[in-house]
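Given next, in structure tokens, is a single chain: the form predicted on its own.
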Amino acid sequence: MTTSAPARWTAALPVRLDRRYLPVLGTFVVLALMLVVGGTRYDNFLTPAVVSNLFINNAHLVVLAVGMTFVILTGGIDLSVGAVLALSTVVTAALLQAGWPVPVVLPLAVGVGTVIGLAHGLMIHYFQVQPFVATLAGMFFARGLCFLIAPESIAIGDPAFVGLASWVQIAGQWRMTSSVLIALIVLGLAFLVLHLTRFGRTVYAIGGGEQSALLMGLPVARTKVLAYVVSGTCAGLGGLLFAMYSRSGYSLTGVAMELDAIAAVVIGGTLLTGGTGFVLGSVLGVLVLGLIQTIITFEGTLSSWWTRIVIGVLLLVFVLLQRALSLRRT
């Protein structure tokens, strides 16, 4: 019996969708299992206060992971985001200490990351510098500027900034900060850009094959540069959110935080080779990382280094899963 073409397409569609969403589904299952295990093992684990703190403590990492998703989707990498985050906190604290008004300081702190991201994009596309090398140079540059501006930690005591950073009680034990609200807005905008705009479709196309994207007449140069601008801007904004969280600027803030952002993106289902992934999956990856730390804190008897061990194991598992899916698709 011969099957019609529409019937064959309909039968094949769920298979393609399952393969596409399987890594994200795996991340969601891991997150759900961790919540179940934590809620069963520890008292007061699944409480509004714990869930609220999970978002409050990781708002800056959510923004970093969103920016990193754009870069990795193009097949690139950005090793500078931790150092740029630190530079943003130092710039914020130093300018506020000097008496600059908050409405001027906020865009300057974010703009530092935008400029560095633009430099990365120009070097990578027009000068053919490898993303690893270009962003590594940016990491050293940003970290060096931190120590030139402020060798020691700078406390932030500006009343307007402190008021902006304070949390509010929503209902019962549920809490919300301006950092969480900004992170959620950035997440929503990133989702809309990646899935509903030509720029977002081009990002996916470049990751799928840059030469093919060029042959299709897509604006590859502009899109690649803008992807790194987005990452740099998110790093600058992440630094601003971290300054709100810690009420200080410090040159050693964010050391190895770029690895946390990359791990969150990969655990969230984005392929390191580019072309496949979802920004919502990256946020699930951030929540998984935050929940690992929360469980270890509740356990009390475990060293904090177990956080890195568990993250390493999860990262390896998800990379192997991605590799298996890629081989199956091929």
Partner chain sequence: MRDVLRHHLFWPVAALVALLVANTVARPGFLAVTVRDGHLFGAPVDILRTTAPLLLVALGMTLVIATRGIDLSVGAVVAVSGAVALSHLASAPDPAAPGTVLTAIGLALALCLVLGVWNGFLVSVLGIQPIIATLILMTAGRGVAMLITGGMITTVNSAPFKVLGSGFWLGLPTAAVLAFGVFAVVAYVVRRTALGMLLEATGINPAASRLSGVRSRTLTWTVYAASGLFAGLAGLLISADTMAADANNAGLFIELDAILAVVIGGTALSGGKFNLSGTLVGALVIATLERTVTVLGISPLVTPLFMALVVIAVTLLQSPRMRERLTAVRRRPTTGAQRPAARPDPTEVTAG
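Positions refer to the first chain, counted from 1. Note that this is a predicted model, so its numbers are computed, not measured.
Keep in mind that the form predicted in complex with its partner chain is not shown, yet the notes after this line are about it.
*Asks:* I'd like to know if residue 174 sits close to its partner chain in the predicted bound form, meaning any non-hydrogen atom pair within 4.5 angstroms.
*Replies:* The answer is no: residue 174 has no heavy atom within 4.5 Å of its partner chain.
*Asks:* Please check if residue 109 has a heavy atom lying within 4.5 Å of any heavy atom of its partner chain in the predicted bound form.
*Replies:* Result no; residue 109 lies far from its partner chain in the predicted bound form.
*Asks:* Is residue 181 part of the interface with its partner chain in the predicted bound form - any heavy atom within 4.5 Å?
*Replies:* No - in the predicted bound form, heavy atoms of residue 181 and its partner chain never come within 4.5 Å of each other.
*Asks:* If you check in the predicted bound form, is residue 282 within 4.5 Å of its partner chain, heavy atoms only?
*Replies:* Close contact is absent here: in the predicted bound form, residue 282 is far from its partner chain, nothing within 4.5 Å, heavy atoms only.
*Asks:* Just one of 185, 104, 129, 160 has a heavy atom within 4.5 angstroms of its partner chain in the predicted bound form, so which one?
*Replies:* Checking each option against its partner chain in the predicted bound form, the one that comes within 4.5 Å is 129.
*Asks:* Please tell me which of 115, 164, 189, 255 lies within 4.5 Å of its partner chain in the predicted bound form, judged by heavy atoms.
*Replies:* Exactly one residue meets the criterion: 255.
*Asks:* Taking 31, 37 and 237 as a possible spot, do all three reach its partner chain in the predicted bound form with a heavy atom inside 4.5 Å?
*Replies:* Not a single listed residue reaches its partner chain in the predicted bound form, so no.
*Asks:* Closer or farther: the C-alpha atoms of residue 69 and residue 310 in the predicted bound form, versus the form shown, with a change of 3 angstroms or more?
*Replies:* Residues separate in the predicted bound form, at least 3 Å farther apart.
*Asks:* Quick one: with a 3 Å or larger change, is the residue 316 to residue 46 CA distance smaller or larger in the predicted bound form? Answer closer or farther.
*Replies:* Relative to this form, closer in the predicted bound form.
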